[in-house]
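Encoded as C-alpha cells, the following chain is the form predicted alone, with no partner shown.
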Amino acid sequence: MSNTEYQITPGQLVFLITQTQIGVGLLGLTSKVHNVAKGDAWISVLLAGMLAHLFIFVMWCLSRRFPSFTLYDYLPVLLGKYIGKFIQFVYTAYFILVASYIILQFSSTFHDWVLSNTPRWIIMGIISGVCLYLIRESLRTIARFFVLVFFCNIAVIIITAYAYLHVNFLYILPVGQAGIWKITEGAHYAMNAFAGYELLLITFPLVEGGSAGKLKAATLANLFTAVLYTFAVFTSLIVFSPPEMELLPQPLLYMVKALTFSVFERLDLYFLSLWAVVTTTSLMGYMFMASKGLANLFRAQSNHQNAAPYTVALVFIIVVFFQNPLLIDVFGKILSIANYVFLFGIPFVLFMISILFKVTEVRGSTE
C-alpha cells in the first residue's frame, strides 16, 4: 500500500527509472549488438527502445487498475493466495539474480581494467556495502540520491563526445546493410540493457499525481536511456572500423582510453569512475525491488528497510560462489530470456486476467 510519507514526485520517478536502466550493460552493448547487426547496431538499439516503451505501456495499464497497490500486493488478488505468493517469490528471486549478475559484471570489468591485483570478493563486498547503506533508507531518499547521480550521465556524454574529433561516418554505410532480420535480432541483444523500467510495477502507488503523469515519467526515462545508448553505440561504430569492432569487447572504454589531453592522462579511468557510480544506482534499484519482495513474502506490509540486509547478504553469497566465466555467460543468456517473461509476459497475463474477470481497485480495496 502507498504511504504519503514515502511518496516521490513524477520527476523523481524519471531519475529512478533512468538510473535503474543505465548500468552494467552500457560498456558491452555495442559489441553484443554489432556482432549481429554490424553497422546497423544503432538502429537495433533504437528498435529495442521502442519495444521497451511497449512493455512500459503494458505495465502502466496493469498498475493503473490498482493505483494504491504494488505488484506484490495485487498478485494474490489476481492469482489466488498460493499462486500469487509463488509469483511473488519468483519475482523476488529474479530481482536478486539480476542484482547478482550486475555485481559479477561490475567486478569483472574493474578487475580487468583497474584493480587487477585485488580479489574480486573485495570489490563485490565494497559495492554491496555501499548499496546496503542507501537502500535501507526510504524511497524518497533513494530518489534524491539518484537525482544527484544522474549528472554523471551528462559527464559520460561529454567525455564520449570528444571522440568526434576522430570519426569516419563511412563505417556505418550503407544504412540497412544487415537486413531487417539481423537488425531485429540485434534489438533482442539490446533489450537486456534497457531493463529497469519494471521499477514502475513496484513504485506506481508511491508516486504522487495521476496515472497519466506516471506514464509520462516512465516514457521520458526510457527515452533518455534510448538516446544515451544510441549515442554511445553510434559513436563507437564511427570511431572503430568494422574489423576493429570484431576484436573489442568493450569499444566504449577503448575509445575513451585513446583520447589524450595535455592535462589529463588515462581518461578511461575517469570514465570508469563515473560509470561505477551509475552502475551502483542500477544495482540499488534492483536490490530495492528485491527487498520489497522479501518484506512482503515474510511479513505482510513490512518495510523494505528491514529486509534490505537479507537481500544484500543473499546477493553477496551468490556472487562469491558463482564466479566461473562460463557459468556467468550462461547466467546472462538465461536472464536475457527471463526478461521477456518478467517484463512483458507476466504483466500482460495479469492485465488480461484483470480485464476478463473485471478485477480492479476501488477506494483501496479490490472487487
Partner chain sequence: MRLGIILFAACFIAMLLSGCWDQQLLKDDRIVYIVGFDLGSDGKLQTTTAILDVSGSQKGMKPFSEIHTVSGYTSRHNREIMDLEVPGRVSASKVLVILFGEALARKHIYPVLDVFYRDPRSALNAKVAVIEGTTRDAITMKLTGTKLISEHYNKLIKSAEKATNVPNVNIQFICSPLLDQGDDFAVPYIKIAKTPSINGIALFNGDKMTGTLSREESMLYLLMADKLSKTASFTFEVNKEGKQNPEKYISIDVQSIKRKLKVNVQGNRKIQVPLDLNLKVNAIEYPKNHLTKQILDRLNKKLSKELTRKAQVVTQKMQKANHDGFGIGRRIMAYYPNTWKNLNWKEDYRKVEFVPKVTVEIVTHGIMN
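In this text the structure is predicted, and so the values were computed from the model without any measurement. Residue numbers count along the first chain shown, from 1.
The form predicted together with its partner chain is left out here; the points below concern that form.
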Exactly one listed stretch (221-229, 96-104, 119-127, 202-210) reaches within 4.5 angstroms of its partner chain in the predicted complex by non-hydrogen atoms, and it is 119-127
Partner-free chain; cross-checking its partner chain in the predicted complex, the single residue of Val90, Val114, Ile157, Leu297 with a heavy atom within 4.5 Å is Val114
Decide whether Gly84 counts as a contact residue for its partner chain in the predicted complex under a heavy atom distance cut-off of 4.5 Å.
no
- Task: Consider Arg266 of the chain shown here, and say whether it contacts its partner chain in the predicted complex, taking contact as heavy atoms within 4.5 Å.
- Result: yes
Answer for Tyr189 alone: is it within 4.5 Å of its partner chain in the predicted complex, judged on heavy atom distances? no
Review point. Within a 4.5 Å heavy atom cut-off, is Lys257 in contact with its partner chain in the predicted complex?
Key: yes
Taking its partner chain in the predicted complex and a 4.5 Å non-hydrogen atom cutoff, the residues of 160-187 making contact are His166, Asn168, Leu170, Tyr171, Leu173, Pro174
